[in-house]
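The chain that follows stands alone, in the form predicted on its own, written as structure tokens.
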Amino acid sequence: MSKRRPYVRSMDGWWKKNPFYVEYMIHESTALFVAAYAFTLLVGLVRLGQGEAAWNGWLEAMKSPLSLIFHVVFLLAIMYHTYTWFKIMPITLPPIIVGGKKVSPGAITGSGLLAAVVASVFMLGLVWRIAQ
């Protein structure tokens, strides 16, 4: 029977004691959803390379109710991940000086989110156009 050392026990849930660390851990855990969706797309790419029948099978699988539920969960997690990524961006970047003035954190976060929305709308339009 092994006994836990007292200092090890004190490390349990260390991240739960500070709201910043809680948000950080949630942000980092959403990266798993990003990876899972990337894997889903990779499987689609492999199926595309295997021929029309495999590709059509993958497309049908993507239309199933379970797949649609997963896609909604993926979307929500990726949206949160994107938001928190751009939220911490002003902290991780060196100061940006434009016209002799430091760019505000809100402007950095806002421009990053705007760029993400514009890129997403562009890609959605491109896929929609191809699908028609």
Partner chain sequence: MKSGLKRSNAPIFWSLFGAGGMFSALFGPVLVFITGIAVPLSLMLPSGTMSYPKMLAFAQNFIGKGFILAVISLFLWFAAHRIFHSLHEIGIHAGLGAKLICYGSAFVATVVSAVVLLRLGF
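Every value quoted in this text rests on a predicted model; they were computed, and no experiment measured them. Numbering follows the first chain given and starts at 1.
In what follows, reference is made to the form predicted in complex with its partner chain, a form of this protein that is not presented.
Although the partner is absent here, residue 62 lies within 4.5 Å of its partner chain in the model of the complex, judged by heavy atoms.
In the model of the complex, its partner chain lies farther than 4.5 Å from every heavy atom of residue 109. Under a 4.5 angstroms non-hydrogen atom cutoff, its partner chain in the model of the complex lacks residue 98 among its neighbouring residues. The closest non-hydrogen atom of residue 34 lies within 4.5 Å of its partner chain in the model of the complex. Contacts to its partner chain in the model of the complex (heavy atom within 4.5 Å) from stretch 29-55: 30, 31, 32, 34, 35, 37, 38, 39, 41, 42, 45, 46, 48, 49, 51, 52, 55.
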